[in-house]
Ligand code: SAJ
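First comes one chain, alone, set out as structure tokens in the form predicted on its own.
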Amino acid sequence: MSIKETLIEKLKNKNARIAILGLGYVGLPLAVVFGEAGFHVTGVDPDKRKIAALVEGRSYIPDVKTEAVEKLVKAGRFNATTDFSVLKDMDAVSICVPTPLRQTGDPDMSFIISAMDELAKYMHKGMVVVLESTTYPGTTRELLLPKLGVDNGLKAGEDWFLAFSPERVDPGREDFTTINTPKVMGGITEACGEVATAWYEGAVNIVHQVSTAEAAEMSKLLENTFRMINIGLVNELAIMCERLGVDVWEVIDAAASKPFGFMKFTPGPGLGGHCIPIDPLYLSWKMKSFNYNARFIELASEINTNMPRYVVSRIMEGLNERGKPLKGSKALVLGAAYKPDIDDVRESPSLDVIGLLRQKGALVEYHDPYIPNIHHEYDGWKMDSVKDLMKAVKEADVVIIITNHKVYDYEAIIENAKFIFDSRNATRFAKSGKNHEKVERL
């Protein structure tokens, strides 16, 4: 049999040895899914704290139950290490490392390059490699192919196999998870796509194979560019509605009553998370090398990036109307996570709102039931979540709802607060919330 046929047979029989590089929000759930499907999985991550937890069978990610990790560890189907040399014995490797943006707006490829450099030391015939980290179109072919294959004298599609499959993890979601969210798969060659698809079909429900790695890379960017632009649209709509004296939330609900031709998006204090604020800018950055300006992306990014400033300006106006200047006022921010009911602060607009309030002289505190402390990397400030929520609500001159966690008792917050700025329309479910004089909404 050919190398391709031998590897596909090993993958289908679950005899292939699997490695996951990067054990964060993407890598750990993927490792568990492969392990539960019957593969023997080795997780590799330089973070010693993560590895120590996993070796003991403990999960540090809410979407992955400790019981699931513990069961796989005891069954001998999952182990974790900081030692990249284990890759020499692996048949299949998935790269799931972060791909943030630098402050200058260009991609930070350092995590991919670091993982790639380690993997390159142990490349061998009969290996399949899948990149899951979101990046610009062309990364798999231009960056990984030369380093992993050409430099090692291996021919892609014959000696080894390389593909891209964009991660589609949505932290905190229970209806669609790693196993039942369709996976897009695009190979460097047709044979690469076939091998990678055969591997992932052994663990996830649906694999949608496309013709090239570039098509798979672009599909991920389209998904999140679509969301970013539509969020930018409703954010601008919120600004326009405020000036027109119209309730933007009522307008959106009315439009959403149409059963076709409309998809509901809601405004907010800015974009957060590991995908929507970042992924479209990878595409915009890449297109600059073709002398093309991605105008929709740039405009939506401008609107979304300015939303924290708009929120702070509305808070200032609300305080002024109540005879209070922002400087010296006590501001309590509810929610540090970028979305409800999770512990993830990546790119959270809460950090920007807090930073802007501090710059303007407000005395800022925050509360988040999932995040005990926060640290703004660039500005250097640190803050702990307040212990007594209702005491802080009563003492604050303004309570600012940035993350609409379900555990908050919004009725009690309205009753005890002096003034609330609700950037998420979270108070709408409170009996007195919709038209209460204490509450201003985005």
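A quick note: this is a predicted structure, and the numbers were derived from the prediction, not measured. Note that residue numbering begins at 1 and tracks the sequence as displayed.
This next part talks about the form predicted together with the named molecule, which is not shown.
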Within 4.5 Å of the named molecule in the predicted complex, counting heavy atoms only, one of 216-224, 111-119, 323-331, 72-80 shows up; tell me which.
216-224
Does the named molecule, in the predicted complex, lie within 4.5 angstroms of each residue among R168, G268 and G272, using heavy atoms as the measure?
yes
K286 within 4.5 Å of the named molecule in the predicted complex, heavy atoms
no
Going by a heavy atom distance of 4.5 Å, is I276 a contact of the named molecule in the predicted complex?
yes
So, A336 and the named molecule: in the predicted complex, are they within 4.5 Å at any heavy atom pair?
no
Wondering, does R309 line up within 4.5 Å of the named molecule in the predicted complex on heavy atoms?
no
Which one, A92, I231, M185, V195, lies within 4.5 Å of the named molecule in the predicted complex by heavy atoms?
I231
Residue (of R102, K155, R173, H124) lying close to the named molecule in the predicted complex, criterion heavy atoms within 4.5 Å
R173
